[in-house]
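What follows is one chain in structure tokens, specifically the form predicted alone.
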Amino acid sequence: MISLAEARALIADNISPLRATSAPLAGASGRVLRQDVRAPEDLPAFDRSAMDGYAIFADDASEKFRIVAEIPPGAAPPIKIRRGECARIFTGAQIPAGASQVLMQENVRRENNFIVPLEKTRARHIRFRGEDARKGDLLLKSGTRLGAGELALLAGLGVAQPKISPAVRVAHFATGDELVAPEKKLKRGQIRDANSSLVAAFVRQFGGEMVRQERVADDFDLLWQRTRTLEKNFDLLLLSGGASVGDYDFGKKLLTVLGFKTHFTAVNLRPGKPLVFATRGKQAAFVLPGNPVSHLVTLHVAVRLALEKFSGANASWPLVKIRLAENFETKPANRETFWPARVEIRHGELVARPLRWQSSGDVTALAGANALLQLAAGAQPPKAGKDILVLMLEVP
């Protein structure tokens, strides 16, 4: 049994990024950028007005100014502003030569072809060339996951076909004779399959593509037939259940028969101890302990890292200190513990509320969980009001 830190190091060392591809911006949301992006020119590329108003020479003390031009956005002004002159200008339009200030239209009175300043301040109301970025400045690093803001920046820079990672192809098999589809009426001894929905949502959240997902009985030959037909048509294989040492736990045996090299079979982790990680060439596989809370934990502390490595993303470990909102009772464990929790905003600050769970099979503990409370092996949980280390699963 190895530590979680050792397990994460093995995952990181044995997975390589998928080959990058170019894609239009419309298809790049949520994907990982695989190139450094620098400013192709100064931003803004020219001095432009930040207001609707009148462009003048800033040190011109004239009592009124004659309007000699009108400059809409997108036009190249052909004039030069002299003393006693101004140009009607609109937000985003290029500042004409000779002008160095824009008087807001609210602060002037117009008299035919002249304006009279009602108030004159030092404010220039100009967005000067290069004030946002200079040509060649690094604006986005390779490994950045592309959200709305990043896509807007790429569009503004003219990067219409960025290099990105393809979606990680994930195959998932939920194993167990007892599992039935969520819509099925239960018979004695059966349980509804919650793990498949959990895995599918998790894979989508972190940029993967579910290429196959099935429920399979505890039958080694059947599971082998199902998985061998995949051949090379996946990057990451996930098996729910079969990670332990019971008579019906076939996960480790299956990966060996399929030609995978096993890197670890147990982690000093609560919940989630019987976690298996293996690779075959550029492919990777995990056998996850079958209980839902164990799934939640291992997906975020291990599988998430694998998806990030395949995507070329900057590895994330969003561990922060947050005030504990209430006490929770648990005995010190000899394994590092990750406890499901809900981080909320209360009175303008973040607080962490531990969620109740009876065992790693308690599916009720999944609802509302957006964080995991980290407790070191042997550690007592802190009391309410004290800080605790929290691994964020998503923004509250």
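Don't overthink the numbering: it's just position in the shown sequence, from 1. Here the structure is a predicted model, which means the values were calculated and not measured.
The discussion below concerns the form predicted in complex with a small molecule, not included here.
- Contact check at 4.5 Å (heavy atoms) against the small molecule in the model of the complex: none of Asp52, Ala58 and Pro117 pass.
- Exactly one listed residue, out of Thr227, Gln283, Ser165, Asn291, brings a non-hydrogen atom to within 4.5 Å of the small molecule in the model of the complex: Asn291.
- Proximity to the small molecule in the model of the complex, taken as a non-hydrogen atom within 4.5 angstroms, holds for one residue of Val108, Leu223, Leu179, Ala87, which is Leu179.
- Of the candidate stretches 168-176, 253-261, 117-125, 89-97, only 168-176 has residues with heavy atoms within 4.5 Å of the small molecule in the model of the complex.
- The closest heavy atom approach of Gly242 to the small molecule in the model of the complex falls within 4.5 Å.
- Put simply, Asn195 is close to the small molecule in the model of the complex: some heavy atom of it is within 4.5 Å.
- Contact check for Ala155: no non-hydrogen atom falls within 4.5 Å of the small molecule in the model of the complex.
- At the 4.5 Å threshold, heavy atoms of Leu319 stay clear of the small molecule in the model of the complex, well away from it.
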